[in-house]
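The C-alpha cells that follow cover one protein chain in two forms, given apart as structure 1 and structure 2.
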Structure 1
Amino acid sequence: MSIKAIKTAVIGHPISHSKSPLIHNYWIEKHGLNGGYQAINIHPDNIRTDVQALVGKGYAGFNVTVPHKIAIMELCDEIDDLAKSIGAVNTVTIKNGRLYGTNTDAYGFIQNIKQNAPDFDFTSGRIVVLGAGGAANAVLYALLQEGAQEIIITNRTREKAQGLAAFNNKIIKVADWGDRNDICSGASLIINTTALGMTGKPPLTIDISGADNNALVTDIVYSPLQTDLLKQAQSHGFQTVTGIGMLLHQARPAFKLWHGVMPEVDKTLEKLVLA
C-alpha cells in the first residue's frame, strides 16, 4: 500500500519571491519522502476562506509569511507557548481539521547569526530593530533570550513599536521612525525586519554610517540577497549577515513537525536557494 503524500505549503501576499518550496522539496527528495510543498498567494481579505480550503484539500500544514503571521493566530485552534510569547505564528500543522500554530522564526534568526557571525556577543552594545511586524516579534523574543541589554525599536507606526516594547520595557525602548539615523549611531547590531528593500517594495532609506566600528548588520529580506542596507553596511566596513540563513534554519523545525525528520542545511541546499 502506497504512503499518502504529505501536502504542505507557504502562504503569503506577495509570495512569488518565496524560496521555501525549493527548500522543503529539496529535503523531501533527499529523505525519500512522499510529498510536495508549494507557494500559495492568499490576499489578506481571503485568509479565512482560503485557509479553510487548504484544510479541505488535506494539507498537513503550511508556513506563514508576510503579511499573515499575526492574522493567522485568530484561525488557529491551538497556539503553543512559544508562539504566544512571540505574538505571531509562522508554522501551522493541521490534524483532524484542527490548526496548531507555532513559531520557528526566533530559532531561525538566532541560528543564522550564530552560524555566520559566531563571535558576536548579543549582550554588548545597543541593538536597533527596524520594524514592528510579525517577524519583529520573533526577533525581539530571540534577542531577549540571548541576553540583550539595550534594544531600540522603531517603526513607521509608533504605536505598533510601543506594543512590542511590552516584551520588556526595561530593555526595549521606542524611537520615532524619523530618528532612525540617530539611533543607529554607536549601535552594535542593526536588524531590518521590515519588507522595505524587498524586491517590489519601496526602498529602506537610512544612514547607518554612525554605527559602532565592529557593528553587525543583518536584514531578514532575502530577495534581493544583498539588500541596499547590507551594501551600505559593507561600504562602511561593518560585518553583515544576509536573510537567507534565517529562512533556511526556520524551515528545519517546521519540516520536522510535518515529516518527522529534522533536516540539515548543507552546501547543496544553499547553492540551490541562491542560484
Structure 2
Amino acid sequence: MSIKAIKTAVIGHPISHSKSPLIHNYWIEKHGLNGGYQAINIHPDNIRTDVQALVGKGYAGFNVTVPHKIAIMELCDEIDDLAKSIGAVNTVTIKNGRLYGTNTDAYGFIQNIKQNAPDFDFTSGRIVVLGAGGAANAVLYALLQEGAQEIIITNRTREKAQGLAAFNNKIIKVADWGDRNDICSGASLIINTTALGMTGKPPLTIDISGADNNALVTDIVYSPLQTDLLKQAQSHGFQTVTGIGMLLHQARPAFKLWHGVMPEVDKTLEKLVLA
C-alpha cells in the first residue's frame, strides 16, 4: 500500500517570489518523503474560503506569509503561546480538520546566528534593533528568550517601536529614528529588520562605525545577500551574518511538524535558494 502524499504549501499575496517551495521540496526529496509543497496565491478577501479549500483537499499544513500572518490567527482553532506572544502565525498544521497555529520566525532568527556566529553572547552588551514591523516582533521575542539585557529599538514611526517595547519595558528602550547612528555607538549587535536596503527599496542610511570592536551585524534582508549595511560592517572589521539563514531555519520546525523529520540547512540548499 502506498503512503499518502503529504501536501503542504505557503500562502501569501503576492507569492510568486517565495523561496519556500524550493526549500521544502529540497528536503522532501533529500529525505525520500512522499509529498509536495506549493506556493498558493490567496487574496486577502478570499482567505477564509481558500484556507477551507486547503483543509478540504487534505493538506497537512501550510506556511503563512505577507500579508496573512495576522489575519490567519482568526481562522486557527488553536494558537500556541509562542505565536500569541509574537502576535503572528507563520505555520499552520491541519489535523482532523482543525487548524493549529505557531510561529517559527523567532527560531529562524536565532538559529541563523547560532549556526553562523556560534560564539556570540546575547546576554551581554547593547543590542540595536532597526525597525518595528512584523519581523521586529519575532526578533525581539527571540532576543528576550536568549537573555538579552539591553535592547534599543528605533523605528521611523516611533509609536510602533513603543508598542513593541511593551514586551519588556525594563530591557527594551525606544530611540528616535534620527538618533540611529548614536545608538549604534558601542553596540554589540545591530539588526536590520526593516525592508530598507532590499533590491527595489530605498537604502538604509546609517553610520555604524562606532559599534563595539567585536560587534555582530545582521540583516533580515537577503536580496541582495550582502546588503550595504553588511558591507559597511565588514569594512569596519565587524562580524556579519546574512539574512538568508533566517528564511532557511524558520522552515525547519514547520517541516518537522508536517513530516516528522527535523531537516538541516546545508550548503547545497543555501546555494539553491540564492541561485
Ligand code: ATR
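As the structure is a prediction and not an experimental result, all values here were calculated from the model. So that the term is clear: the rigid core is the largest set of C-alpha atoms that superpose within 1.5 Å between two forms. Throughout, residue numbering runs from 1 along the sequence of structure 1.
Only structure 1 matches the form predicted on its own. Treated as two rigid bodies, the chain shows a rotation of the smaller part against the larger of 18° between structures 1 and 2, based on C-alpha superposition. Core-based superposition between structures 1 and 2 puts the Cα shift at G260 at 2.8 Å. On the core-superposed pair, the CA position of G97 changes by 5.6 Å between structures 1 and 2.
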